[in-house]
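Single chain ahead, by itself, as structure tokens, in the form predicted on its own.
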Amino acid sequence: MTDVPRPSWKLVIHGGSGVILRESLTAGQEREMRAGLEAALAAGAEILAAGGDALDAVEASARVLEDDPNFNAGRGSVFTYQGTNEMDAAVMDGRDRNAGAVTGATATKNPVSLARAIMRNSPHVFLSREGADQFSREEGLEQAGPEWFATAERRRQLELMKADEDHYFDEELKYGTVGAVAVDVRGHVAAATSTGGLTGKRWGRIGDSPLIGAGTYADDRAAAVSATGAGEYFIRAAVAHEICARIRLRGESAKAAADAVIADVGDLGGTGGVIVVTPGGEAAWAFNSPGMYRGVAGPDGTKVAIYGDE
């Protein structure tokens, strides 16, 4: 009897999209961003290469990006208008479409792990603010004070934005959401997304990242998707679910579906991007902004990119 080869695994990550131009990053900043993407890929790829679950891999990759102050999630999250850090995250398992999400978390060191705990250990999908913080403590997740999340650079960005009262938040979206999607050797997909939101966000604003079907979705019948960009438009277009629906119901490739839905977001007036992976191992990304921090890993190696022409 000949051995049947196992399906291949694949991991795709993003660290945000927006007005990311070569002249907007110093050589040192670019090196740090690329190193952060490489580290996140390594964390998830180690799990997948050993035959581990896609859900474990996307959580591991997202945690690395959350701990890196160069990205807008966990440590290094942008500030609200009131000068606080309020974080959102979501995870979804393509096997049974189980999901967990959190918005307005303030003290969990890794919000993506809080989202997974909500999925695993609560009867709910989505928790918010004080209740989410309470659940996190009851679950024994690692807590951190405001000094862990806050950075001088993010505070400078808030003051710069507030100097122009015509803008409520960072409309150029230079410091975006992080996310990961993966397929494991059993053909199961999973997605994770985490963000600090928009610089200067007000009134308890919630973007697309923690909304299942908008910024995060996974379905073994189609794909796993994580989004980044102008959340208000991604919510209206139900981006992550729409991509999965096009793949499942119309038979489109991951790339074709992603391109079509991002084009729709653009028609509405929004900018941003998505990463996608299918149970068959097709990996894709699409974005209509100048750049998107992104990377892909598989048995044949890894690649990271930042700018639109890479």
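Throughout, we count residues from 1 along the sequence that is shown. Nothing here was measured: the structure is a model prediction, and the numbers come from that model.
The same protein has a further form, the form predicted in complex with ligand ASP, not shown here; the description that follows concerns it.
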| property | result |
| --- | --- |
| Contact test in the model of the complex: Gly176 vs ligand ASP, heavy atoms, 4.5 Å | yes |
| Contact test in the model of the complex: Ile118 vs ligand ASP, heavy atoms, 4.5 Å | no |
| Non-hydrogen atom contact Ser209 with ligand ASP in the model of the complex at 4.5 angstroms | yes |
| Exercise: Arg154 in contact with ligand ASP in the model of the complex, heavy atom 4.5 Å | no |
| Among 138-146, 104-112, 225-233, 124-132, the region lying within 4.5 Å of ligand ASP in the model of the complex by heavy atom distance | 225-233 |
| Contacting member of Leu198, Met87, Ala214, Ala190, with respect to ligand ASP in the model of the complex [4.5 Å, heavy atom] | Leu198 |
| Partner contacts for 253-289, taking ligand ASP in the model of the complex and a 4.5 Å heavy atom cut-off | none |
